[in-house]
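The chain below stands alone, shown as structure tokens; this is the form predicted alone.
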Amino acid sequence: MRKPILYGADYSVYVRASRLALHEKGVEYDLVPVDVFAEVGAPPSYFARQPFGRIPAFEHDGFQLYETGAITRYIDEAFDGPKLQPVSPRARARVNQMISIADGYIYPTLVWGIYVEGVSKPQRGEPSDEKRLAASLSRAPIILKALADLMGDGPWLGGASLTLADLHVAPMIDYFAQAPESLPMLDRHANLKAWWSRTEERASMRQTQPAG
């Protein structure tokens, strides 16, 4: 059986979520670079794999797939290793709920609204969108409280064991945590703060750290 192939860039939170799933399952894979933010965009050949030009895309033994949620669920179900999705319908629904929160609220607010506007753009010498940054900072406490409330006593977002919820949320929090405003916000939720300390020390997080 050939190694699976992941197409994308290491800076992408969605590529990283897929890589985290592969690492946690102990699956060797090849990462083929695709930079959608390059001046010319994604190469024309890539659109045959992902018609919307987003990353990542995935291939395993001729089976092609895109959309991160589909990729990470496939990785969990197609390969041996620790199970990353709960068995019970309610626990699995909670994990899927957190993944949906990550896509719908964490990514646009904590990553694009706070990290990009408050950290990345200033580092590149670009002006920030102050209105977007302010709006995102006002929404962030709501998002973090929702996560903390759903997590409960943990120790992981989805309960007693690591799940896809952790792997989808972690790359986003990793960017958010670079903003100075993040620490006081995380300090308000002891369970979420402890989860982040636990998560960022995992070998899979270190092995998938973006290069630059």
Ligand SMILES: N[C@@H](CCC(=O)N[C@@H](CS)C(=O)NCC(=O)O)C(=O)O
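Source: prediction; values computed, not measured. Start at 1 with the first residue shown and count on from there.
A second form of this protein, the form predicted in complex with the named molecule, is not displayed here; the remarks below concern that form.
Q: Specify the contacting stretch among 159-167, 32-40, 182-190, 146-154, defined as having any heavy atom within 4.5 Å of the named molecule in the predicted bound form.
A: It is 32-40 that comes within 4.5 Å of the partner.
Q: All three of S12, I55 and T68 touching the named molecule in the predicted bound form at 4.5 Å, heavy atom to heavy atom?
A: Checked in the predicted bound form: all three residues contact the named molecule.
Q: In the predicted bound form, does Y107 come within 4.5 Å of the named molecule, counting heavy atoms only?
A: Y107 belongs to the contact set for the named molecule.
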